[in-house]
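Included below are structure tokens for two forms of one protein chain, each presented in isolation as structure 1 and structure 2.
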Structure 1
Amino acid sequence: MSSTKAPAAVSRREQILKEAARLFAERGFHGVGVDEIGAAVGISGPGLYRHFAGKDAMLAELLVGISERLLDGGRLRVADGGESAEQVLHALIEGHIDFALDDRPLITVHDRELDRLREADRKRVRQLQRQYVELWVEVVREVYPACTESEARAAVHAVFGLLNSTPHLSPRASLPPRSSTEALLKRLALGAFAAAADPDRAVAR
């Protein structure tokens, strides 16, 4: 045990990051001031600088963090491997949906505020994103060998847009239960991939 700090259930840092993500998603990175972020966790303004080097550092940690978690989750599901590539694709989709539904603000910030990062952090995030995309592309091509690589890549990007649109659409509550939303999104994603591979299927008249 030596020197385990055991810093409460959630550390101050995590608390700050969570509120910062919410505020950044609501009003944009440049739209929220450090005083607001501080107020959201009960401290005021410059107290944040005891935990982060600056506002930029908060955004960087948020974006690098979510990108890493997405990639790690994806790798896990690929490594776990099902009986088939199709099962892996199902798992990837389910995992991404869980992410999008659990961490709505983060997903929103993730694809809106990337360009507000310092060069180095932006490169890192983009690299993680690229690896995550490539993970999906390989699986998609395995399931649908008829699919061109560039087609698969475009389809993956588009499906991300589809899945990431959920945060976006429910400012008001009382939407259908989560499980049915999950199921619907999964169907939509699978339908899109199937159509990407097989022109005649969806577009047939």
Structure 2
Amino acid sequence: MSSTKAPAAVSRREQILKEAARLFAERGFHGVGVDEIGAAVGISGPGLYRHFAGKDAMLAELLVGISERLLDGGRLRVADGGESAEQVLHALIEGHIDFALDDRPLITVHDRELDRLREADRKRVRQLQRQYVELWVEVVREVYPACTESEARAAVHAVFGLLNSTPHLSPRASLPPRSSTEALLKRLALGAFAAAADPDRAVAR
């Protein structure tokens, strides 16, 4: 008997957030009205206020929420572990690649709109992001003990920049197959960490 479970139903709140992220990424936070977000999910603009106090609340939940999910997912991958630190690093990379490919609008919204958050929400996002980075730094240093802490941290930020560049890739329809894109991004990330650990590594000219 198959143990495959049916996908969980997406709540109305999740639908609203998904469409808000898409619209904010396409047209900017101030270029989108509550009525337009409502229309995208089939409810009236005023109906949105049963779920969110307004656009500011949606933006905060989007950016705080994804930061929490990345950190929680990273902690789970570390806790699940594996036979080696290398396996944990591979799992972290694969998890972040899933985010970078599945949530491209959120990356764009974060880059453009983070400063629009209330100070408390912005600080929360930054705190979560720092914890996520340090989670990676610890694993990278286990895999590459020659890396200093500052080198490992710089390498982690560089890899995040590489993986989070997905919004700048070609439209989804013209990308290579998902599996090929995942494999390419993983090779690039692993190559960046290996290069950071070996300063004498030859660089193609």
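By rigid core we mean the largest C-alpha set that fits within 1.5 Å across both forms. None of these values were measured; they are calculated from a predicted model. Numbers follow structure 1, counted from its first residue as 1.
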Please identify the form predicted in complex with the DNA: structure 1 or structure 2? 1
After a rigid core superposition, would you say the CA of residue 111 moves by 2 angstroms or more between structure 1 and structure 2, or not? yes
Taking the rigid core as the frame, does residue 32 move its C-alpha by 2 Å or more between structure 1 and structure 2? yes
Value in Å for the CA shift of residue 50 between structure 1 and structure 2, taken after the core is superposed: 3.0
